Ligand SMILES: Cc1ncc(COP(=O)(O)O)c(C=O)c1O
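Just one chain follows, in the form predicted alone, and it is written as structure tokens.
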Amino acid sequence: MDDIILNGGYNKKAILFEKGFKDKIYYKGKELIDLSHCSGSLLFGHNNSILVKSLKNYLNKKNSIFSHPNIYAVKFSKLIKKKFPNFKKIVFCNSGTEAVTKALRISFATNKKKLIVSVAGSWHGSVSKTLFYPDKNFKPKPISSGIEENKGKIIFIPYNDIPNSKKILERFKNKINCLIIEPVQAGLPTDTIGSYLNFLQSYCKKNKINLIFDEIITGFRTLEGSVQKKYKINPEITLLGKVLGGGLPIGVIGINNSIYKKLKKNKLKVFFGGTFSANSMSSLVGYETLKYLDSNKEILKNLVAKCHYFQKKLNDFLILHNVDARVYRFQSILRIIFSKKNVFNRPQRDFLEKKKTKKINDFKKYLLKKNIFYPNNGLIFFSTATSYKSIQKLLKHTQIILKKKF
């Protein structure tokens, strides 16, 4: 294979997928159970009826891309507003990364302080201002070259740790522009974070810090609609994507009334342009996806039940056989942590798994030989198309290889 593409993953050993249907993906004639579903974007599975019917309808009606305001974006925005009544205004973007970029632009326009606080373990896409990770002392280290000028503009606080987060925040509170967090982290999906999120909201409000919730994964995948709704949080800025696009690229920023008032009062001109922002195709497919979710409220409950079934069955086996691994879950977001110790944050997880890299790679290779695609980032997403037959096969082979290797 000619590895001319520089994007991550494209190398001489890359598996090049060819097609997908329901909970399966295909390459070189092989059928694999998909545990990624486009990193959680395909809530209803590959080539699902909502996506297919929406695209057929789009083409049959001779719809097109305009790079100009269209009726579909307006219709879609009203449905999003129904689900997020705290949104005063919405900004459509082409991706989650773009949503983060423009959200930070809004924040810096409305708050003149210069420092970004990121919560360790959160992931905010390929954005230069946030493309850092914390060392053991929570000092920022760049993930990529070419972003060094942003190093002194970001600090980290520990996830789900109120005392130590408060200690760091107190040192910098007069310089902090915004605090950005994945309220439920893909790196450690758990539901024991309500008190922490309420602490962050209270602290940010008291110290005039913009609170940004990155719900690109959890938006519309959470039974309550979002993590903020589940825990009754009202962030200044919210980021959405993935499920919302129904299988097409999308990003959405929602701003609350306090941010909107600042923009309006100070006559701030914040640029949000983009050829495909609010495009008619993504808007139509997203609208039909959201409408279907709204009228089929049991569908998410059934998906969560499948994920709970997998978690319980595998964890029961792991405990019975004293295997050094556990399954963590927030509703329909799953991750296997390769340690039986109680893990509270991403840095702890990374520390416990650091010496097991070869075993983890052997685990992934074994599943691939059994025609199960385990995503490189370790984040498992079932779809509503994931069958119990597929789950049973996954259980069988994860039990075999985990017991053997861990």
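One rule holds for the numbers: they count along the sequence shown, beginning at 1. This one's a predicted model, so the numbers in the text were calculated from it and none came from an experiment.
Quick note: we don't show the form predicted in complex with this ligand, though the next part is all about it.
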Residue-level contact is defined here as any heavy atom of the residue lying within 4.5 Å of this ligand in the predicted bound form; does G247 satisfy this criterion? no
At the 4.5 Å heavy atom threshold, is G219 in contact with this ligand in the predicted bound form? no
With the partner left out of view, is E182 within 4.5 angstroms of this ligand in the predicted bound form by any non-hydrogen atom? yes
With the cut-off set at 4.5 Å between non-hydrogen atoms, does K102 touch this ligand in the predicted bound form? no
Listed residue that, although this ligand is not shown, lies within 4.5 Å of it in the predicted bound form (heavy atoms), from G96, P189, G286, P235: G96
Residue among P158, P134, G225, G125 with a heavy atom within 4.5 Å of this ligand in the predicted bound form: G125
Segment that reaches this ligand in the predicted bound form - one of 265-273, 160-168, 209-217, 302-310, heavy atoms within 4.5 Å: 209-217
From first to last in sequence, which residues of 226-244 have any non-hydrogen atom within 4.5 angstroms of this ligand in the predicted bound form? K242
